[in-house]
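This document starts with one chain, in the form predicted on its own, laid out as structure tokens.
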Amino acid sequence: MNHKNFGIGIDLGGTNIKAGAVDKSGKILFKTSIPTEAGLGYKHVIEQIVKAAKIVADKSGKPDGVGTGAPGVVDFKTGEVKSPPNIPGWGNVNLKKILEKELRFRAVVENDANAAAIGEYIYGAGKQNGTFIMVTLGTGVGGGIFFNGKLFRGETGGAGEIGHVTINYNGRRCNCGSYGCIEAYVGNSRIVADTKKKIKVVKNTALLDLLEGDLSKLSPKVIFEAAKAGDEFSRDVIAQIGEMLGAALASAANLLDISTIVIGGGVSGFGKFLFEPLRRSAKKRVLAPLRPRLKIIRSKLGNAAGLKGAAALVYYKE
């Protein structure tokens, strides 16, 4: 079907690449998802991005442009993506130039969490509030900052990297090279790895029944299903994630004096099992004057925030 006046949005994740045609009102006209296959190298990942965009264009028609939300530090003006932590060997790549050459459409590239923040600002939870911190929970932990209706990028485009707030200065090594980052504890792969270790100690949990004893099937989604079914072990796993996130987000709120935090991404799907301990943890740690104003809310766009925000880059004016 040939649509008009739409942008293609590409949400580049460490596990999957989501792509879709999104019109100016934020309606998704068509969407698809293909594996990122980051382990096969950055050149293969770029081929996958191009493939996803072509699938959408073939189904939807000629777009007004292509917007991509990519992990890592992004130079918004040049379109260069610098060393995303969950895509090995990437280095510095001018994704904008590559996409324009391969697709023959105008391309805009932005940090993925910034793109999600733009999506929330235009279509979602940030619509009524031009000042908020956006946090995305998935393969990694991303962040974007809106202040008085403008995205704050910092000096080089790297502002808002909340995933690399340290919660334990002597903690485990993060993919970014530092130690004790929140991302090293609550990224998807870390949640799964840590839960596997805990299961071997606890053993008596309904989560094992859901997995039919096969730990290779473990995923955040299965942990959530067990928590909904009343499994205390799974609820404790999620609560601990909330406790750690609360510590990181309190640090961000204290640093920036911003009291509204919007949380999206797949892990936000844990719902009340995550948000209740997260809010308690954050409120214990924020400065007293911030405490009454602190609001931690779930993204209105849900998993579509990154996709819609990426497409909105085609039309977004600073």
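Because the structure is predicted, anything quoted here is derived from the model rather than measured. Throughout, we count residues from 1 along the sequence that is shown. C-alpha atoms forming the largest set that superposes within 1.5 Å between two forms make up the rigid core.
This protein has a second form, the form predicted in complex with a further copy of the same chain, left out of what is shown; the following refers to that one.
*Asks:* Select, from the options 90-98, 113-121, 159-167, 192-200, the stretch whose residues sit within 4.5 angstroms of a further copy of the same chain in the model of the complex by heavy atom distance.
*Replies:* Residues of 159-167 come within 4.5 Å of the partner.
*Asks:* Look up in the model of the complex whether Asp257 has a non-hydrogen atom within 4.5 angstroms of a further copy of the same chain, and give yes or no.
*Replies:* Contact check for Asp257: yes, within 4.5 Å of a further copy of the same chain in the model of the complex.
*Asks:* Considering only heavy atoms, tell me if Gln240 and a further copy of the same chain come within 4.5 Å of each other in the model of the complex.
*Replies:* Judged by the heavy-atom cut-off of 4.5 Å, Gln240 is in contact with a further copy of the same chain in the model of the complex.
*Asks:* Is Ser251 close enough to touch a further copy of the same chain in the model of the complex, meaning at least one heavy atom pair within 4.5 Å?
*Replies:* Close contact exists here: in the model of the complex, Ser251 approaches a further copy of the same chain to within 4.5 Å, heavy atoms only.
*Asks:* If you check in the model of the complex, is Arg280 within 4.5 Å of a further copy of the same chain, heavy atoms only?
*Replies:* Outside the cut-off, so no.
*Asks:* Decide if the three candidate residues Ile145, Gly177 and Arg291 all line a further copy of the same chain in the model of the complex, where lining means a heavy atom within 4.5 Å.
*Replies:* Verified in the model of the complex; spot residues all in contact, yes.
*Asks:* Heavy atom within 4.5 Å of a further copy of the same chain in the model of the complex: which of Leu218, Leu103, Ala125, Ala247?
*Replies:* Going through each option in turn, the one that passes is Ala247.
*Asks:* Counting any non-hydrogen atom inside 4.5 Å, which residue from Gly149, Gly213, Gly154, Gly230 sits next to a further copy of the same chain in the model of the complex?
*Replies:* Filtering the options by heavy-atom distance leaves Gly154.
*Asks:* Sequence order please: the residues of 77-103 with a heavy atom within 4.5 Å of a further copy of the same chain in the model of the complex.
*Replies:* None of them.
*Asks:* Would you tell me if Arg172 moves between the shown form and the other one by 2 Å or more at its C-alpha, with the rigid core held superposed?
*Replies:* No: Arg172 shifts by under 2 Å between the shown form and the other one.
*Asks:* After core superposition, I'd like to know whether Lys82 moves between the shown form and the other one (criterion: C-alpha shift of 2 angstroms or more).
*Replies:* The answer is yes, as the C-alpha of Lys82 shifts between the shown form and the other one by 2 Å or more after core alignment.
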